[in-house]
Ligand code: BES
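One chain comes next, on its own, written as structure tokens: the form predicted alone.
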Amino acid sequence: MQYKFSNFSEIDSNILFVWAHEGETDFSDLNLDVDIAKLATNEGFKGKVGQKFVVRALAKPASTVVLVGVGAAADLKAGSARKAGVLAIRTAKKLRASKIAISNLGGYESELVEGLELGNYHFDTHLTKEDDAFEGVVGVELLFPETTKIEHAKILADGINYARTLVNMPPNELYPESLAESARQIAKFGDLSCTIMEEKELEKKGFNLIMAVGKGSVNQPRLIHLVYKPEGAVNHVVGLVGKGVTFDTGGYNIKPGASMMNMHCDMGGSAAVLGAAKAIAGLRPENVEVHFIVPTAENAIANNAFKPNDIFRGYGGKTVEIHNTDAEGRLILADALAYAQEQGVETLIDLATLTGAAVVALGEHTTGLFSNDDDLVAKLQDAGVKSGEDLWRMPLTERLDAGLDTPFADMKNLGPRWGGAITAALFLKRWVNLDAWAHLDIAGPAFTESEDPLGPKGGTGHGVATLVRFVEGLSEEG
């Protein structure tokens, strides 16, 4: 979408969106020919989040004015501003408006623009277009202060939408090789260094857990490593690792048919990391070097696929006995975490659609946050609040760690039934030798089965904004 700053006297759009706080009744500054507050109240509009009220056939300042509820003024925050922007775009599309005007929103204008960009997202690559298909909103007049960080908002939203598209791509189009090629394109246009390890190199260097998961597929594994280096001094070195299982059959512990649907989204962690790479490459934060590492494989069934009771020595030197081939994500992450620590990172964060247990515990909209460092937790939670993404700290219960022991190897890849999200995190912790590590289980919020307040059905891009704002926070520390 194209943006331009404007004011009420210069509006050149047919629709004007105005934000209404709960209980607000004064819209005299709009200079409308009607008492819009009275009309809205008569129709039950109260300014609650998600409500809207449309008035048409006006002479000024636009032919149509839409009141959008944003809740009580005291409760206004980044998340509600983004949702308001999404609702505005959805409404404009239904009214088939190609150009719209947007009023300001009490200091949350940048987040509002993020919402506009997120709301304009659609994945229609495989749909046959109708001849009269509406092309969407192409122009936005911003009745904002010209100091608003529009470009920042657009870059961040672009990273989120990129992650959404990766998740939404069908598994016959997105597989380890094509995911690696997509990462290579990010590096090319974002001035990032890029290393892609293919199966022969992975096997030679001892990435045996990645190879175990991926060797049963004709689409062989890859390890993706992009690096962002700022100009000038580097005061922080961060590693971001994302699980990239492009399709998960469950392996020989095969999933039931219904559970196999949407398993192309099992690379949501890698999508978040690569989306963050795209955004950070555009934003160019100072002082922070960032390593984006994605182990990617397709968990398929074949005569050479890994089996229960197989034992492999991971890249980090420890051995793992396979107790369930459907607990594969933690295996490829283990190799990647060990590799990431060789890059000199001081802080290490991994993201993965790792366990159904996290969804049972926290629902579909909340990330499970596990960490060995309180300061890192606080920074991630703050970044989550600023991003409108919900993170909830979960315990690393030491008594459950023994459930990963086996007499035949250093560990097994599956703990007892109870506390499955915790034992998965504890498995990863066994491969980490840093004081600042966090594991984000995004199994719930990475994919939505229906349209939600921030996007359509499918990949959500969850995690991108939190990672970007976390890195920006380190940059601001100097």
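This structure is a prediction, so every number in the text was calculated from the model and none was measured. Position 1 is the first residue in the sequence shown; the rest follow in order.
Another form exists, predicted in complex with the named molecule; not displayed. Remarks below refer to it.
Stretch from 321-329, 341-349, 387-395, 119-127 whose residues place a heavy atom within 4.5 Å of the named molecule in the model of the complex: Contact criterion met by 321-329 only.
In the model of the complex, the residue from Met263, Leu192, Ala153, Val137 that sits within 4.5 Å of the named molecule by heavy atoms: Checked against the cut-off, the match is Met263.
Selected contact from Leu30, Leu414, Ile36, Ala436, since only one has a non-hydrogen atom within 4.5 angstroms of the named molecule in the model of the complex: Contact with the named molecule in the model of the complex is made by Leu414 alone.
Interface membership of Glu111, the named molecule in the model of the complex, 4.5 Å heavy atom rule: No, no contact at 4.5 Å.
In the model of the complex, Thr353 touching the named molecule (heavy atom, 4.5 Å): Although the named molecule is absent here, Thr353 would touch it in the model of the complex, with heavy atoms inside 4.5 Å.
Any non-hydrogen atom of Leu440 within 4.5 angstroms of the named molecule in the model of the complex: No, no contact at 4.5 Å.
Contact test in the model of the complex: Lys255 vs the named molecule, heavy atoms, 4.5 Å: Within the cut-off, so yes.
Non-hydrogen atom within 4.5 Å of the named molecule in the model of the complex for each of Lys243, Asp248 and Ala357: Yes: each residue has a heavy atom within 4.5 Å of the partner.
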